[in-house]
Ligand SMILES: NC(=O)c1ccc[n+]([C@@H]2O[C@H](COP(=O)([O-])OP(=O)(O)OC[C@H]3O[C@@H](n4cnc5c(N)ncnc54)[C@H](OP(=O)(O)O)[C@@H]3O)[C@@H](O)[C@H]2O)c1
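First, one chain by itself: the form predicted alone, in structure tokens.
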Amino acid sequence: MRFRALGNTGFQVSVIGFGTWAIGGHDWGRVDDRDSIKAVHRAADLGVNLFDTAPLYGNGHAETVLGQALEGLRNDVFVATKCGPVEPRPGLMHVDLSRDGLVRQCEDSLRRLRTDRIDLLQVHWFDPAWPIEDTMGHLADLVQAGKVRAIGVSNFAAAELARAAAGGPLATLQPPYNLFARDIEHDILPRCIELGLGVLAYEPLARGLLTAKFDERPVLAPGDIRRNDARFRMPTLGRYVAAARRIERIARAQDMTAAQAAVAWVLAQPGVTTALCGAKTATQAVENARAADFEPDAVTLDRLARAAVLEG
């Protein structure tokens, strides 16, 4: 496993992070908590020390499972979670970034995670109803209280990042980034580099499209969020499938799977600290972790990028 400095936090984190959205159990089809715990343990065995979660993942279930899995390992890992969206019950959600709301959410996450501190607390997404400058001040109070060690944001635009950084000690951004979704290269990644932020790239496999495991007739389980994703419907899906197959051919020539090549490409981009890869099983955790072993040369990286261009 390789490690990188996480922005200005002083922490060293693994270039492969473990994303826990899937193990929340609500949005990615059936999941067995026992398998999820095995996946966390296997990832940790392979050197993964960054685990990212959120209360919104299964209405707290992902945090609960992660807390169980990390018993006995807590001092060896870096735990990131999020705040803002509150879901009293599935399907009913509102955003609360008030001082009292953030204190309450922090305490709830600490309880579910079975820990006394959150290494990185991130605002899940920007909400104009709540001035980000005030939110950063409230989060800084949690840092001062010893409940939180660093503050980050997720899904923020470049202008919103600048406001957040001006409002408090901002350390990280978590944006979507992969071979099929490169919009952040225009202004967001440069702004992160300018501000010295760590970047935790999520969806490096484009919800599985970059694994080359899908064909034109994907079988998606009931409850799988991809059933409502237009990318997984023909004819659009066919373009992604063809691109993934091109990527797979390049990857095989380098002794990589398509998924490992896609993750390695993300990790090679300027400004990226970590790729957050989801896993529901130990086998998936192993494939994700081994992506850190690959550092493709410039020619291969360019070939992968050109192969990912959708045709038709």
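All residue numbers refer to positions in the sequence shown, first residue = 1. From a predicted model like this one, the values you see are computed outputs, not experimental measurements.
One more form of this protein exists, namely the form predicted in complex with the ligand; it is left out here, but the text below deals with it.
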Counting only non-hydrogen atoms, the one stretch of 64 to 72, 283 to 291, 265 to 273, 239 to 247 within 4.5 angstroms of the ligand in the predicted complex is 283 to 291
Handout entry: Contact at S14, L121 and A171 by the ligand in the predicted complex, all three, heavy atom at most 4.5 Å
Key = no
Might A22 be said to contact the ligand in the predicted complex, defining contact as any heavy atom within 4.5 Å?
-> yes
G278: heavy atom within 4.5 Å of the ligand in the predicted complex?
yes
Considering non-hydrogen atoms and a 4.5 Å limit, does the ligand approach A206 in the predicted complex? yes
Distance check, A259 to the ligand in the predicted complex, heavy atom within 4.5 Å: yes
Assert contact residue (the ligand, in the predicted complex, non-hydrogen atom within 4.5 Å, options W130, F180, F78, F214) equals F214
